[in-house]
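Taking the form predicted on its own, here's one chain by itself in structure tokens.
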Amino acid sequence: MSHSDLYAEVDRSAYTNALAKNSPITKTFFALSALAIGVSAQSFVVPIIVFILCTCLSLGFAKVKPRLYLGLFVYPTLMLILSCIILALFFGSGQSLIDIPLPWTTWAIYKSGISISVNTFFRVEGALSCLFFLVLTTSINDLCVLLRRIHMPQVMVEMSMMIYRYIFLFLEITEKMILAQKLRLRRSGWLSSIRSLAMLIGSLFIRTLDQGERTLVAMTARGYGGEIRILDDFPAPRKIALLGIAFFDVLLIVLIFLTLNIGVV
């Protein structure tokens, strides 16, 4: 899936999912509180619960396409697996699980290193599920309105909106430029690839400046006076939903203390 298609799918899901009409305050409160608690957990139990719950909400209640939801996990999970393997093999202390003799030293794989690796994996996966739930069920307009309601500086809100809108555009331009370089055999060797990368970065920087100027001209022609106006009409949060989320968070915090001594090995 190209970056433009990914942007279209994510944006379409944010506006058309089954929870799109629910209050973004409720969804944001749930996602951020679950993320904070899941990351704070010392064992893998709570992050697994957070991951399962967010996945069920995204796929079962919000009706997000499974292909889109699971596709967002591919690259972060691959990078996470590589990082966790490094943690398991080269970090840790205390009692060793495996000792591998080498000519100059002994390579020890520690139990604590494996525990750190497994706990880190599930904490990150749980955090990703919370973020993807929020992104796929809440539109960028609702999030910007919410940021304004909590008195976030206007310039930061508008910059966030513009970055979100144009990051996929520039990724698509980058893909087209890389394809053009390959068709011209500009990436046939190692040195050629480095030169092509330098040319790509320079051209993309010029394109970014040009696109910024054209965007400002277009916005000014449409009456832009220093503030991007967004219709503030999303529904108020239901108190019973906020109380339910708070109660669930308390249960997760209690479960954190009950599972402190649960280890992997």
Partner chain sequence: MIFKLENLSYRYSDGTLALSEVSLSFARGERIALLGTNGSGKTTLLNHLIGILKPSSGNIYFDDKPLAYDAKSLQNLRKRVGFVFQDPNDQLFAPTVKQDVAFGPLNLGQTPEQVKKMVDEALETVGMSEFKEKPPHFLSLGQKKRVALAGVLAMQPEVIIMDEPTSNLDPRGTSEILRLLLQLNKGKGITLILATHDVDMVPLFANKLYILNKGKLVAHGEPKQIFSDTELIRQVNLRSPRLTHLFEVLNKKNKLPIDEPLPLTIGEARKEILRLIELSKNQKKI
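By rigid core we mean the largest C-alpha set that fits within 1.5 Å across both forms. Numbering follows the first chain given and starts at 1. These figures come from a predicted structure and were not determined experimentally.
Below, we turn to the form predicted together with the partner chain, even though it does not appear here.
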Within 4.5 angstroms, counting heavy atoms, which one of the listed stretches 123 to 131, 76 to 84, 166 to 174, 98 to 106 is next to the partner chain in the model of the complex?
166 to 174
Contact label in the model of the complex: residue 230 to the partner chain, heavy atom within 4.5 Å:
yes
Taking any heavy atom pair closer than or equal to 4.5 Å as contact, tell me whether residue 40 reaches the partner chain in the model of the complex.
no
With the partner left out here, check for me: in the model of the complex, does some heavy atom of residue 211 sit within 4.5 Å of the partner chain?
yes
Do residue 116 and the partner chain share at least one heavy atom pair within 4.5 Å in the model of the complex?
no
Could you work out which of 240, 52, 219, 206 is the residue within 4.5 angstroms of the partner chain in the model of the complex, going by heavy atoms?
219
Which listed residue (29, 224, 61, 69) meets the criterion of a heavy atom within 4.5 Å of the partner chain in the model of the complex?
224
Does residue 214 count as moved between the shown form and the other one, where moved means a C-alpha shift of 2 angstroms or more after fitting the rigid core?
yes
Per-residue C-alpha change between the shown form and the other one, residue 98, threshold 2 Å, rigid core fit
no
Once you overlay the rigid core, does the Cα of residue 120 travel 2 Å or further between the shown form and the other one?
no
Relative to the form shown here, do the C-alpha atoms of residue 166 and residue 126 sit closer together or farther apart in the model of the complex, given a change of 3 Å or more?
farther
